[in-house]
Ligand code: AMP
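Only one chain is given next, in C-alpha cells, and it is the form predicted alone.
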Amino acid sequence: MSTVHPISLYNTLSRSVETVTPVDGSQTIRMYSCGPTVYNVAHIGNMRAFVAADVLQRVLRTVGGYEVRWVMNITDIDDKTIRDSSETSDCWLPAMGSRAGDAHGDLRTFTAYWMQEFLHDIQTLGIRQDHLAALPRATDYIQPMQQLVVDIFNAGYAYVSQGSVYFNVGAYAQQHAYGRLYTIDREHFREGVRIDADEYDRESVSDFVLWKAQKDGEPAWDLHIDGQVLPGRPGWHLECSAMSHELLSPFPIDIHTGGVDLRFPHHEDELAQCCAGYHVPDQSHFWVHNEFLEVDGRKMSKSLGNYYTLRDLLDKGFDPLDIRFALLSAHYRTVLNFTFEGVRAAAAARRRVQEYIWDLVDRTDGYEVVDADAPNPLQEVFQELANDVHTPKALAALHTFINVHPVEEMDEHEAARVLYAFGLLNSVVAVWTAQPRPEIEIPDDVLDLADARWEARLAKNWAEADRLRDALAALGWHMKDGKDGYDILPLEPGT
C-alpha cells in the first residue's frame, strides 16, 4: 500500500508554496531546527515549534518517502545561560549538584541539567530522540564558530571594536540583499551602531555581534584574529550558522525550521553570516516558520497568568498525547489559540479515533495480510498532510472516513487494510496505539445500569434510557451502542 505523495511546503524565502525536492538529488532531506536555550523549562509556545518540526520530518519520511537527517541545536551559551549559571545567580538547583567552581564548569553543569529536562519533555510529547541525527551543544562547536568569524572578517564584512567582533550590516547590504526573510525598514537602520545583546528588537537594524568580548566572571575562549587575541564567546546568531554547516553541509541544506519570531533577526542574520563567510547564496532552500501560540486569545505572559510549561499542564491532569493532538488542531502557519477546553476537545477526538482503531484490531483478530498494491483507504488524509502539512484538514478527512466506514460493516481483509493505513498515519501523528484494547474492570452497579438502559432502549422507552444514561455518566461511564449490543467505556476527563 503506497502512501507516497509529493510534499509541498510554504517557503518563507520565496513567499510561495513549493514542491520539496532534495537539493543534492538524493533521497535524503537535510533539515535543521532551531532548538531551545537551556536555562529553564520550555513553555508550551516553544513546544509548538518543536512539535511542528517533528510532524514535518515525520511527514517527509512517511508521506514523502524520504530519509531525513534532522538536526536540532542546543543553545547552551548565550546571555541567559551565562546569567543564570553565574555565581551571583539564585537559579542553581539542588538537583544540579555542587558548582564546579569555574565559569566553564558551572555553565556546563547548569545547561546539562536543563538539557536533560528538555529531552524528557519532548519525549513526553512524542518526539523521538532517535529521529534526530544530532543534538549539538553550541559549546562543542566553538572552533568552527571562530573560523567562521575569521572568514567573515577576511571577506570584509566584520570589524573589531573594544574586544568584540561585529558584522558590518551596511557593508554587507551594499553587495547582498539583507531582509530576504523579513522586510526590513531601512529608515531604522543606524549605520555604525552596534548591538551586543543576543536578542534584540526587530526595529534595531544595526551591526550585530559575532564574537562577544569577555566580561568579568564569564566563560571565554580565545579568538585569534587580525593579529589580536580576543577572549570571549560566540554570538547567538553565529552558533546556528556554524553548526548547520558542520553537521549538514554542503549548503544549501534542504529545510531550516523555527518559530515565526526567529525570522528576524536570528534567521536573517544566519543567512547573512553564511553568505559572507561560506560564500554561498543560500544557507537553506526552504525556510519553514510556525506561527505563535496564544493562550485564551492573548499573548502568553507570566504577568497575565496564562504562561504554561508542559509540566504545568500535566499537573492539571492533562494527558501529554492530548496536548500533542491539540497542538495539531491548527495549521502550523496560523496562530493557535491554546485553551484548556481545546485540550479537552482534542482528548475526546483522539479517544474516538482510538476506539475505532481498537475496533479494527478486534475485527482483524491477528489477520495481517495486506495487499501491497491495494489503494490507500486514507488517501485524502495523506494528501492533506502532503499539502503543506495541513493537519486540521487531514484530521477532518480522517473523521469523515470514520463516519462513512463503520468497522462492523468491514470484512476481515478490509479491516486489516484500514488498520495498516491507520498505523502509517500514526507514524506521523503519534498519539494512538494499535495494541489490543486494554481490559477494563467495570463495577457491578455500572453493569446493572447498562443492562437496564439497553432494555429501555429496546423497548423504546427513551425517557428511561436517557435517565439511566445520565446515571451512568454520574458514575464516570458511558455506553457505546451498536446494532447487536453495546460497550461500556469510562468517560474522558472533562466530558
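Just so we're clear, the structure is a prediction, and the values are computed from it rather than from any experiment. We call the rigid core the largest set of C-alpha positions that still match within 1.5 Å between the two forms. For every residue, the number given is its place in the sequence shown, counted from 1.
This next part talks about the form predicted in complex with the named molecule, which is not shown.
The partner is not drawn, yet in the model of the complex one stretch among 159 to 167, 119 to 127, 287 to 295, 142 to 150 has residues with heavy atoms inside 4.5 Å of the named molecule: 287 to 295. Contact check for residue 48: a non-hydrogen atom falls within 4.5 Å of the named molecule in the model of the complex. Taking non-hydrogen atoms only, residue 300 approaches the named molecule to within 4.5 angstroms in the model of the complex. Remark: residue 37 counts among the residues lining the named molecule in the model of the complex, judged by a heavy atom distance of 4.5 Å or less. The closest heavy atom approach of residue 79 to the named molecule in the model of the complex falls outside 4.5 Å. Proximity to the named molecule in the model of the complex, defined as a heavy atom within 4.5 Å, singles out one entry of 219, 259, 136, 342, which is 259. A single residue from the set 69, 43, 467, 61 has any heavy atom within 4.5 angstroms of the named molecule in the model of the complex; that residue is 43. A movement of the C-alpha atom of residue 337 falling short of 2 angstroms is seen between this form and the one not shown when the two forms are aligned on their rigid core. With the core superposed, residue 306 shows a C-alpha displacement of at least 2 Å between this form and the one not shown.
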